[in-house]
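Here's a solo chain for you in structure tokens, the form predicted alone.
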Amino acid sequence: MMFAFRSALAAAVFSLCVCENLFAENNDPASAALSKLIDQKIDAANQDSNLTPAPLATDAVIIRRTTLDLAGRIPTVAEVRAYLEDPAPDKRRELVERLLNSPDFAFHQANWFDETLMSENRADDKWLQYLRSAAAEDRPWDQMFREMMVPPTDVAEDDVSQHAKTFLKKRVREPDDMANDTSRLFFGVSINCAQCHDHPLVEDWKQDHYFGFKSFFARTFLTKSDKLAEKFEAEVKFKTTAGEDKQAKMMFLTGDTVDEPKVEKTKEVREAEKKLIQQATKEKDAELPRPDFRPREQLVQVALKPDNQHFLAKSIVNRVWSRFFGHGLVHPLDQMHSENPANHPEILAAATQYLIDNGYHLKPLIREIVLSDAYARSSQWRDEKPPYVDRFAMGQTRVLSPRQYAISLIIATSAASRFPLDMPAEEWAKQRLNLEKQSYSLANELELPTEHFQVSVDEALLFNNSSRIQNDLLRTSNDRLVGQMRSQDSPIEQVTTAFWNVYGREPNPDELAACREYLESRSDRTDAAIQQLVWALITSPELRFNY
């Protein structure tokens, strides 16, 4: 296949493509219209700045954006056509409800948890099983935090909740990693700067905070039987920038400290405890150490005290918001402190309270965010200079995660007949699981996007040189898009089929003319021409991004 020609063809194709008051009126937090409050506050702020927001996106964009965000994949051709033809005025709300209650949501939510908590530190399938079980039942976030900090040990072999330990297990060799990542990912606070000195710009974070927070993890170790356990004692000491030697007190981010009860131990008791730890690290059948005082359990208790729980709640609200808007209410996401205030503090406060009132279940929060007009605005800006992202006056173009892209590639290059609209729910659940499995290895070859994403060299080489692309995605069998197009006689029909499958829309006149001319000019090598066209479509930015 003429790979050198592909980049030019892809570029050519792409160039053608173009509350508080509300809450007071309704005391039932489960039915409070957080989405209306979001729009009210954002619209008011934009009006004060004489900024007119972008109009709402088209139905075609809405179903694509929402399906990618809630189901982790592009919509099928049948889903797009049904949505576009549906005259119901509340079809957007019905779409959101259908996706939130689909098996896709649990898969995508689990994948998002994994990418958020593990980043490039890819975990195993048992960890994903734990996350999927939690996502499927919309397990409260504070409960998941507790399970990851204090994983259950006395459970049945097939109880997936034990795999919550993976979060700390992956970091257990370094207490600094456990402390930094727990603070950053659960509380939105990056405190590593305070490891060497009091934060020079942020009054909130002192060395006492860093080493005090690290003290909660200093006793954690992994037993030979692969269980997280804690030693009976361990001290964290540090030297201040003034040269003072100090022993850290267990300290939460608010400055709340935890005092360990003083217990007098004989020399024999200390020797027995030391021997127990040594056996646990060397022998699979050794007794599990069970200290009466467990620092990580103390961390959970102090973090979830009513006066402190806003750290956990605000941080996950901010991360969920950023997931759907491409930018946090506080940004960067791990810089939540007094010197970096929220761009819309009233929305952050209301959404945080909404989450707490709804028992830390994330699904109601997600529903309200996705139903706001702010979420549904077009990503096209007609004026010369678009507004800054923290105004939320337009939709943001966001790169797909590796799993979103991998599953979308499979759907885009499959024959549309594989995904009929009337497929029974049980059958779709099996199909979705298969899609997840099929996409796994491909997703692992794609880079997890960061804020300043650029397509990596590895990804470019993968699409240009990998036999997987040619032999799988571009296969000519009847269950593939290429096979479906081969069965069609008219180039116009072939081009139209390809655009619907990959982009969920009709080709515009220029696109249709260019692609038709391309196919007709290669009538002596039809299969190769069709494969080239599909390759150009699936590697273009229109599929790589959520817009």
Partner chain sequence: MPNRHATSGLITPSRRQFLGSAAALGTAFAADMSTLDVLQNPTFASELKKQQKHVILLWLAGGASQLETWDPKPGQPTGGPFRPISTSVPGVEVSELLPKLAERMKHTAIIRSLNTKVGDHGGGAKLMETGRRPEPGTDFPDLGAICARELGRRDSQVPDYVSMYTSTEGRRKGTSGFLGSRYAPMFLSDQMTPKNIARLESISVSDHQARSDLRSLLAKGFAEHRQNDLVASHNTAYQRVKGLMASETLFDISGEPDSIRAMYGPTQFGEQCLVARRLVEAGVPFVKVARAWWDSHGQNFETHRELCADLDQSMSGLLDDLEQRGLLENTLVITLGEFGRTPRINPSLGRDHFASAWSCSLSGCGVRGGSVYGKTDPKGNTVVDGEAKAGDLFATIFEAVGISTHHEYYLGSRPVPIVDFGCEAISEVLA
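Residue numbers count along the first chain shown, from 1. All values derive from a computational prediction rather than experimental measurement.
The form predicted together with the partner chain exists for this protein as well; it is not shown, and the discussion that follows is about that form.
- Not one of F217, K239 and M251 is positioned with any heavy atom within 4.5 Å of the partner chain in the model of the complex.
- Of the residues F419, F293, W381, Y440, just one reaches the partner chain in the model of the complex with a heavy atom at 4.5 Å or closer; this is W381.
- This chain is displayed alone, yet in the model of the complex one of V399, I410, A350, L365 has a heavy atom within 4.5 Å of the partner chain; that residue is V399.
- Contact annotation for E445: at least one heavy atom lies within 4.5 Å of the partner chain in the model of the complex.
- Within 4.5 Å of some heavy atom of the partner chain in the model of the complex lies at least one heavy atom of D176.
- Heavy atoms of W141 never reach within 4.5 Å of the partner chain in the model of the complex, leaving it off the interface.
- Under a 4.5 angstroms non-hydrogen atom cutoff, the partner chain in the model of the complex has Y518 among its neighbouring residues.
- Of the candidate stretches 67 to 75, 184 to 192, 240 to 248, 368 to 376, only 184 to 192 has residues with heavy atoms within 4.5 Å of the partner chain in the model of the complex.
- In the model of the complex, E445, E447, H452, F453, Q454, V455, S456, V457, D458, E459, A460, L461, L462, F463, N464, N465, S466, S467 are the residues of 433 to 469 with at least one heavy atom within 4.5 Å of the partner chain, listed from first to last.
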